[in-house]
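The data below hold one chain only, encoded as structure tokens and taken in the form predicted alone.
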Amino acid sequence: MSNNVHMRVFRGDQTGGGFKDYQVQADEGMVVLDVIHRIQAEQAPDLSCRWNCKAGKCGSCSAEVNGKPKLMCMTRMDTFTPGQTITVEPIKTFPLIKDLVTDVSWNFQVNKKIPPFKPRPKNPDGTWRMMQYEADRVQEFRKCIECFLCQDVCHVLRNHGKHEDFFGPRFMVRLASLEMHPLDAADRLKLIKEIGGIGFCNITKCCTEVCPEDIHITDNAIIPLKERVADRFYDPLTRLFRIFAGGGQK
């Protein structure tokens, strides 16, 4: 069963733009990305939209649908009220390139600042060992598809423009995956505090709410990192221990 839907799609580039209205036939089972493709095919061949897998795994088709950050390929048309106007616009935290496409290259520059995995020395028998619960703890973080919806809703980036001071929730997830890895020997706490800017996060959990992979970004990544930073740099007993011990450990 098909029906006509009213789509309001942002059209424009760095010089400006606005919303344009389209009447589109939406067939049963369609998602928002399907409708955008139909607009491209039938009415606006110059409409720019980034996408790849159409399966919720590449993170390419991030947009704001009716004001909420979503993956267009995972937003079903039958979840909207019949006759409702559906607004589609680019994510706001990053510079606009054209229409629904934004420049997310800043994220890849941030990624380069994070020291990679550094394995600790092997055990005397030539092996590494880790417990199952240790593997389970970091496995969640590996589900990230880098859709950057968490970056889009982060108040520090979106409202305050602290791109030079805060890595954002996506990279707190990556840092957590490294810091909590039982076989990793690198120490990134100073980077997390001073360059990553974890102190800017006020744990509103908005990033967790929009994550399409249901990663508990705030509870399982950001808060534990905050605790580690607090223990290292602000706990007076820990600081005394480090002074008398002549250093510290991961």
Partner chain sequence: MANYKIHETDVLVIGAGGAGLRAAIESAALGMKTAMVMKSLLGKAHTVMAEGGAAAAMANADPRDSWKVHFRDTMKGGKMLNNYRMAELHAKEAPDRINELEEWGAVFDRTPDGLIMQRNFGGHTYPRLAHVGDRTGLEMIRVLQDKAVHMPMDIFMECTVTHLFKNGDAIVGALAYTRDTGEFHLFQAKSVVLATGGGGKAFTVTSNSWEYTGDGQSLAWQAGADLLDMEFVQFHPTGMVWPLSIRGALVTEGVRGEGGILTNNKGERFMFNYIPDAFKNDVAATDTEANQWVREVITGKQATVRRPPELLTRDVVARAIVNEVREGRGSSHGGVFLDIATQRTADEIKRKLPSMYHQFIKLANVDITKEPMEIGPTAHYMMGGVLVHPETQMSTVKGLFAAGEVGAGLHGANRLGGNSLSDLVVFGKRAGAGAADYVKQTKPSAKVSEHDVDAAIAENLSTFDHKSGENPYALHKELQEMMNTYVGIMRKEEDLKKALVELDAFEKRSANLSVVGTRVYNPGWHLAMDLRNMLITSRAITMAALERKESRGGHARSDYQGYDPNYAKVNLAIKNANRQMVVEQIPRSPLPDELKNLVEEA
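Residue numbers count along the first chain shown, from 1. Keep in mind that this is a model prediction, so the values were computed, not measured.
The same protein also exists as the form predicted in complex with the partner chain; that form is not shown, yet it is the one meant from here on.
With the cut-off set at 4.5 Å between non-hydrogen atoms, does residue 82 touch the partner chain in the predicted complex?
No, residue 82 stays farther than 4.5 Å from the partner chain in the predicted complex.
If you check in the predicted complex, is residue 197 within 4.5 Å of the partner chain, heavy atoms only?
Contact check for residue 197: no, nothing within 4.5 Å of the partner chain in the predicted complex.
Exercise: residue 139 in contact with the partner chain in the predicted complex, heavy atom 4.5 Å:
Yes, residue 139 sits close enough to the partner chain in the predicted complex that at least one of its heavy atoms falls within 4.5 Å.
Using a 4.5 Å heavy atom cut-off, state whether residue 116 contacts the partner chain in the predicted complex.
Residue-level check for residue 116: yes, a contact with the partner chain.
Whether 34, 45 and 145 all lie within 4.5 angstroms of the partner chain in the predicted complex by heavy atom:
Judged in the predicted complex, 34, 45 and 145 all sit within 4.5 Å of the partner chain.
Among 88, 73, 154, 91, which has at least one heavy atom within 4.5 Å of the partner chain in the predicted complex?
Checking each option against the partner chain in the predicted complex, the one that comes within 4.5 Å is 73.
Within 107 to 132, the residues that have a heavy atom no more than 4.5 Å from the partner chain in the predicted complex
Those in contact are 108, 111, 112, 114, 116, 117, 119, 122, 127, 128, 129, 130, 131, 132.
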